[in-house]
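This document starts with one chain, in the form predicted alone, laid out as structure tokens.
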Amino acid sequence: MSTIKSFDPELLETRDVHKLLSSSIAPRPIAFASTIDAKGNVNLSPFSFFNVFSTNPPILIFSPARRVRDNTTKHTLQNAEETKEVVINIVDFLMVDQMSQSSNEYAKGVNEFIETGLTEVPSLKVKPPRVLESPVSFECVVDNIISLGEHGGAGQLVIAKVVHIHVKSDLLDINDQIDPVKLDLVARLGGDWYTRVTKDSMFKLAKPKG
């Protein structure tokens, strides 16, 4: 039987807390967020502190945390604060390398669509473009931004209300339900690790009756 080692987060460096959290709370879906600033400059960046939290209203939340090394905020957060709009694009296996490349620390005003070779497509209800290569994209308006702290590593929750949904038609069955095998999602683990959702990695489990 293995032993248990316990950690007090108050006694650890922020980076070590991050490693424990991100390695064990996984796999995490990836919000590939496209935004624009007040001047119309486009930004595209991935975030794995992300999930869906409500269906009525449809709410997605992702967290562009303050950088640990210098406590600065990310361009995505700044843009969401300025323009109150974001498109959250879902990442499949075919675009994982470009998604990773977009996480480089580009200067403000640099368009990551151009840097990664991904394709901008105009959205219908918001100003930020969506990613053509993404299997599913959610156009959103930012309802609220909640700061969880002012120190490096503190999450900044972007609460985004979905106002339009785009799904590649070949992923849908006759009932307009998404086929998880065709979706070919990737998800984030800790460190440099990712996982791919394939048919072999999935299983069904019926809900309990009663």
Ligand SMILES: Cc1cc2nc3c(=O)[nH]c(=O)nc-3n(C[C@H](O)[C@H](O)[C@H](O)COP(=O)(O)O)c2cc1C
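Values in this document were obtained by computation on a predicted structure and should not be read as measured data. All residue numbers are counted from 1 along the displayed sequence.
This protein has a second form, the form predicted together with this ligand, left out of what is shown; the following refers to that one.
In plain terms, the part of the chain that comes close to this ligand in the predicted complex, with a heavy atom within 4.5 Å, is 66-74 out of 66-74, 167-175, 51-59, 137-145. Contact here is defined as any heavy atom lying within 4.5 Å of this ligand in the predicted complex, and by that definition not a single one of Gly190, Thr195 and Val197 is a contact residue. This chain is drawn without this ligand; in the predicted complex, the residue among Thr83, Ser103, Ser123, Asn111 with a heavy atom within 4.5 Å of it is Ser103. Among heavy atoms of Leu118, none comes within 4.5 Å of this ligand in the predicted complex. Not displayed here, this ligand is approached by Met99 to within 4.5 Å at the level of heavy atoms in the predicted complex. Proximity of Ile30 to this ligand in the predicted complex falls within the 4.5 Å heavy atom cutoff. In the predicted complex, this ligand lies within 4.5 angstroms of at least one heavy atom of each of the following residues of 24-57: Ile30, Asn43, Ser45, Pro46, Phe47, Ser48, Phe49, in sequence order.
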